[in-house]
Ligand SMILES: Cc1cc2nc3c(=O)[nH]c(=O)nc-3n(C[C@H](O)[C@H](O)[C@H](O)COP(=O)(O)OP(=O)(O)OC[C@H]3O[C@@H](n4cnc5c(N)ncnc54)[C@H](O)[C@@H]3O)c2cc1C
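Presented below, as structure tokens, is a lone chain in the form predicted alone.
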């Protein structure tokens, strides 16, 4: 069985500029790193392989430089790496991203699990995993802390509303991994050297049987229309006094701003 873990390369720091014309992050300004939640997903994949066997595949969608995210996955013990890279991918929202990733997963044989991080540091929508599950027609388990595989059944502990929940789902399935899961390992020198020699497979949209209209802004149902810094607000004012004095002071200020009539 193949276990596919989706990884995303994100800017190393939040202090990255925005392109005023497009509204998108200027990713070329800072170093890219593997999204933290995806590192937790990689760790869960390693734990599942150690317990139940299987072949670990790292899958990334991004520009050519995103292959470094796959190299890190290979360095910690992944067997294969696949990069989906195409100029037409620029501007993809979570829906278009899910369409592309689903096409890549379908191209791989015998996929039993697809694992993602719960959210990305640069978008933080937590939408990609459920939309990917919908596109694939797989059951979805979100916010996973621990998971085991027994035959064709996935058993997982997940973060619920103010409590932990035990759930099960048939495979193939999609699961998103919480930051509360196992601590991601750091690649050692030997792993990095071995990863540098392993081949990576790169697919274009055409390789996946997709057209440019199915990805990027053309294939997205949401767009960035404007980006801007929030306007500076007036400093707050602290009022003191008795309850009656505070109430009167508040009424006076609201009246001066024509927010109430007195």
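Please read these numbers as outputs of a predicted model, since none were measured by experiment. Numbering follows the first chain given and starts at 1.
The same protein has a further form, the form predicted together with this ligand, not shown here; the description that follows concerns it.
Three-residue candidate spot 4, 99 and 204; no residue lies within 4.5 angstroms of this ligand in the predicted bound form by any non-hydrogen atom. Not displayed here, this ligand is approached by residue 123 to within 4.5 Å at the level of heavy atoms in the predicted bound form. Within 4.5 Å of any heavy atom of this ligand in the predicted bound form lies no heavy atom of residue 72. Contact check for residue 44: every heavy atom lies farther than 4.5 Å from this ligand in the predicted bound form. A residue is said to contact a partner when one of its heavy atoms sits within 4.5 Å of a partner heavy atom; residue 138 fails this definition for this ligand in the predicted bound form, lying far away. Here is the short version: of 148, 171, 85, 127, the single residue with a heavy atom within 4.5 Å of this ligand in the predicted bound form is 127.
Only one of 224, 52, 218, 200 lies close to this ligand in the predicted bound form, with a heavy atom inside 4.5 Å, and it is 224. Here the chain stands alone, but in the predicted bound form its contact with this ligand, taken as any heavy atom within 4.5 Å, falls in 90 to 98 among 103 to 111, 150 to 158, 163 to 171, 90 to 98.
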